[in-house]
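Presented below, as structure tokens, is a lone chain in the form predicted on its own.
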């Protein structure tokens, strides 16, 4: 097991390096000059050259990448062009806000989706299977930003039961989960963020459970006289690796935060900050945010691989 863990960790290093190259390169494909945000309209050529030199934009791209990577490895992601604050502070603050949503959306999405899928998979072709499958298809098909707007109209505008946007009446700096006046701002974003993964996980779990139920070992277990509950327990265990892989991807999606959802609810998380950085052409923030989110996906996939190998030892030999 230790050898497998070390091998997976070593394989994650070139993946992380490739991700850093892509994150650095992609932001330069968009048109426009990022320095236009901070340059005055009457800026002289000399002033433009000085600012470009200060931010390192006058160097060749490979040289910029090496300098950027060297600083990143020491924890220095540069300064935001728009706010003049360190990028590491901007990104970690936004990620902590997104993590608050994720910490509630993940149990809701994963628990409900897995329960629905397992129930449907255990009774294929029955009414409960058709009901769960239909609900999952509807959930996956609905655009999340549209669903967020509908929830705002219903619960914030029509019933005036929940706040529509923002992060607490006093802002994110004084947000506290222990105060209901603040915590209620999380309800609509969490529900909206969780509904799409519910459908995806339910469909994946249903397919995995139904597939395992048709295997020969299930017939053998029943022939040996095992109770149906014990058989289902074995079925769920053997279907877990496939479900875990999808859960890992959905966790990365939730932790990354949906740009549209956080924009709809004006939640100051990683997705909302990323949308502002795109509009402002704030390249250091773009690079830092994309790199952090990409590393979350890499780390999540590594953890999922290790969990799968613990559940199914045959994966270690593959």
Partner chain sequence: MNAEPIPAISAQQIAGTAFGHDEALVEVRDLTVRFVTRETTVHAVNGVNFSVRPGEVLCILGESGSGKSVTLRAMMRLLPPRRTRIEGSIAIDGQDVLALDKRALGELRGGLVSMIFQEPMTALDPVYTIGTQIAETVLRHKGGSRAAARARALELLELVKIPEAARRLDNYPHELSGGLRQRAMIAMALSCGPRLLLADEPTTALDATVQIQVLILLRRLQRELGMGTIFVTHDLGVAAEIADRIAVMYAGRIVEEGPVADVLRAPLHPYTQGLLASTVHGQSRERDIEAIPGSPPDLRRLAAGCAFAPRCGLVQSECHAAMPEPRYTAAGRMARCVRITQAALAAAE
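Positions refer to the first chain, counted from 1. Worth saying up front: this structure is predicted, and the values here are computed from it rather than measured.
Omitted here: the form predicted in complex with its partner chain. The next part is about that form.
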{"query": "Partner contact for residue 226 in the predicted bound form: its partner chain, 4.5 angstroms, heavy atom", "finding": "yes"}
{"query": "Distance check, residue 159 to its partner chain in the predicted bound form, heavy atom within 4.5 Å", "finding": "no"}
{"query": "Touches its partner chain in the predicted bound form: residue 83 (any heavy atom, 4.5 Å)", "finding": "no"}
{"query": "Exercise: residue 96 in contact with its partner chain in the predicted bound form, heavy atom 4.5 Å", "finding": "no"}
{"query": "The unique member of 170, 179, 233, 71 whose heavy atoms fall within 4.5 Å of its partner chain in the predicted bound form", "finding": "233"}
{"query": "Contacting member of 103, 174, 219, 184, with respect to its partner chain in the predicted bound form [4.5 Å, heavy atom]", "finding": "219"}
{"query": "Its partner chain in the predicted bound form: contacting segment from 184 to 192, 211 to 219, 112 to 120, 75 to 83, heavy atom within 4.5 Å", "finding": "211 to 219"}
